[in-house]
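There is one chain below, alone, in structure tokens, taken in the form predicted alone.
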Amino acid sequence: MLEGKTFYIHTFGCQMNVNDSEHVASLLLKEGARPARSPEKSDLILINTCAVREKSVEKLFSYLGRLKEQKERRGSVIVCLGCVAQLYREKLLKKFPYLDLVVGPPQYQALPLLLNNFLTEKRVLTEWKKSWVELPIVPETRESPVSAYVTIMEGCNNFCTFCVVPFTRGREKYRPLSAIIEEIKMLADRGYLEVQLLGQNVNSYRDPETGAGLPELLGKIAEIDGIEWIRFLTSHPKNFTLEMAQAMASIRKVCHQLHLPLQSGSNRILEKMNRNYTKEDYLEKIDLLKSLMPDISLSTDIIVGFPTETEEDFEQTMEAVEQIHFTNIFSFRYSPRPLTAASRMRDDVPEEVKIDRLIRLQTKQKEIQLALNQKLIGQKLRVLCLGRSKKGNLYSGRNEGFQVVNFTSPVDVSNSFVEVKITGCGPYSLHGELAG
């Protein structure tokens, strides 16, 4: 039985994975297990994985390699969860024979039963579910007492040629709006101030019971007393509509901040990526957003070195970045992922060229971010303080634009909204002091 057993969860990947880990921890707590501070002191070690990029898989393999000694010394049960579990399945057990369980995201509800059976046999559970599976979550497992992740959908139907998500998360499944509202009301009752709605393509959300879309969901959440900020990610440009932009602009609690992956500024590359929009389409949506919300903060994803990408293609991406002025970008070198259409293309951009382009892109973005941040010096911003900063005797939080703000305060203002006067900045964060 799991009663009294200790567990440790190591999470790789995005906010969706973090939220999944919170749900898995909730399942184990309900069975009487207790969280451990480190894998060395844990009876159960669970690794929640990400397969979006090859680097994430390499990190996982390195981490699993280090657990062999722990297995031999303590006999801990080792479980691989997440997208790599879904993608590689039996291969993981062959490469790491001391691994006990491989469980994909659609099968998390079976995890307590498997563990309670004392692992009489090694198991692989990675079958997809066609309908939404509701998992419990308890407050003790959430990373923050004021900002919460809330999953509203899972999976993707787009099949971008570089992306493994449809093969690891399956097709789109939508959580009932009533369940989402119930969870957020419980969060508000516990003092939460912000919710971040999660999904691989939140724009496509449709309530399976009423057909309501994301704009309607945002409106319902905004009616909940106590919740002050609402965010959502990730959005797909082809699904981002005028109605969604208007909802962002008109619903007071929805933050004027949007993550909208561009991936490339070249129409030729966008077509090879199967993104189903052009650079011009994307820029038109950006212009619309800026016209409705002049203060909007925009972030994006960009891949450099996609098969056949030329210097001209890359320069078009650079031009888009300079034109839009993103508050932040997440940029990566292309790496082929199993099962994707792009993995069957010749990876013909030399690695040194990919590295050079990534450096040039990140250097330009660093300049843009510094210039944007410098414009905020002297302003007073509303900040949700999330606690002590890792940088000295400071507090840290995020403004509405989701920028990191480190600031001084004579009193403890953790887990509350405060007004901060910006006194300085770097390219990646703002610095300030509690406004009097």
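These figures come from a predicted structure and were not determined experimentally. Residue numbers here begin at 1 and follow the sequence given.
Beyond what is shown, the protein has a form predicted in complex with a small molecule; the following relates to that form.
Choose from 219 to 227, 257 to 265, 132 to 140, 317 to 325 the stretch whose residues reach within 4.5 Å of the small molecule in the predicted complex, heavy atoms counted.
Only one stretch passes the 4.5 Å heavy-atom test: 257 to 265.
So in the predicted complex, are 61, 89 and 93 all sitting within 4.5 Å of the small molecule, heavy atoms only?
Verified in the predicted complex; spot residues all out of contact, no.
Single option in 207, 347, 194, 301 placed near the small molecule in the predicted complex, where near means a heavy atom within 4.5 Å:
Only one option qualifies, and that one is 301.
So which of 163, 248, 102, 146 gets a non-hydrogen atom within 4.5 Å of the small molecule in the predicted complex?
Spelling it out, the residue with a heavy atom inside the cut-off is 163.
Contact test in the predicted complex: residue 333 vs the small molecule, heavy atoms, 4.5 Å
The answer is yes: residue 333 has a heavy atom within 4.5 Å of the small molecule.
According to a 4.5 angstroms non-hydrogen atom cut-off, is residue 234 in contact with the small molecule in the predicted complex?
Flag for residue 234 set to yes.
Residue 384: touches the small molecule in the predicted complex, heavy atom cutoff 4.5 angstroms
Judged by the heavy-atom cut-off of 4.5 Å, residue 384 is well away from the small molecule in the predicted complex.
Just checking whether residue 200 would be counted as a contact of the small molecule in the predicted complex - the rule being heavy atoms within 4.5 angstroms.
Yes.
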